[in-house]
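What follows is a single chain, given as structure tokens, in the form predicted on its own.
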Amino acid sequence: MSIFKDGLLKDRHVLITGAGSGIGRGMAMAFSSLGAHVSIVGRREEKLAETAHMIEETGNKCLFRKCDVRNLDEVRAAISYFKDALGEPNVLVNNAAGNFISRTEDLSFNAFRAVMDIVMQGTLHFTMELGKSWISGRNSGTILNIVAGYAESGSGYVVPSAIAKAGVLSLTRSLAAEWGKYGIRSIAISPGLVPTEGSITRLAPTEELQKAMLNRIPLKRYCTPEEIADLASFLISDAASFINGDVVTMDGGERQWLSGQFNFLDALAPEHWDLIRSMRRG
């Protein structure tokens, strides 16, 4: 059940990249339920068709087109297709991503390129194509980018993604300053780990890794696509029309836990605290 009023996004035509599953699918379904026209792209046509079918079962329409975000010609063709069918999108959600864990010394340059081209180049392709069109047509628009906590901090073992997400975060803030005068907002969400099938198998493929990642989250659970979709719905709505250039973190407190010098004391048993207290009194 949505917390938002019916028709909140009725004047929106939202284009979402990487919407065949996970967070992208969750956002597509939420936006549609709130009255938005939704157009989606991704690399796997069967997954896009599944998302579109799920939306159409609710009585709404969803357009989809197979598109490799790294290919500018395919990006232009997808935008043209959606524009002809529903009018130009006025909201862009850059969600397409690629990531996996690896020691950096084990990576080839092609592995770096595969991740960075999807995340950074793909975001740039859609952002520039739609942004320049909005500016030339004197139309307002909203760009919502999906980043990650390590976009600001950096992180070992996901270095290609960390580099690319840092670039997307900088793009978000830079365009907020430069394009705000055109009525174009640029914002971002930094989610924690959402346990979709793809993310779990690439980032936490064993039960030990999954347990370790969960233990870092103070709320002791993962984020869900529906929670990200609710936040995104607010951010692209008129209710958030003065939010520009900011990134909203939704990670259950993981960033705060990792940054606190003594937060590791969570692991101490009650008897250890009793000993520490007795030592302090002495």
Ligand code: HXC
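None of these values were measured; they are calculated from a predicted model. Each residue number is its position in the shown sequence, starting from 1.
Just so it is clear, the following notes concern the form predicted together with the ligand, a form of the same protein that is not shown.
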Checking Leu171, Ile189, Val159, Leu203 against the ligand in the predicted bound form, the residue with a non-hydrogen atom inside 4.5 angstroms turns out to be Leu203
Tell me, out of Ala177, Ile135, Ala85, Ala111, which residue has a non-hydrogen atom within 4.5 angstroms of the ligand in the predicted bound form.
Ala111
Is there a heavy atom of Leu193 no more than 4.5 Å from a heavy atom of the ligand in the predicted bound form?
yes
Answer yes if any heavy atom of Ser102 is within 4.5 Å of a heavy atom of the ligand in the predicted bound form; otherwise answer no.
yes
Going by a heavy atom distance of 4.5 Å, is Gln210 a contact of the ligand in the predicted bound form?
no
With the partner left out here, check for me: in the predicted bound form, does some heavy atom of Leu107 sit within 4.5 Å of the ligand?
yes
Choose from 73-81, 122-130, 181-189, 94-102 the stretch whose residues reach within 4.5 Å of the ligand in the predicted bound form, heavy atoms counted.
94-102
Counting only heavy atoms, which residues in 26-64 are within 4.5 Å of the ligand in the predicted bound form?
Arg43
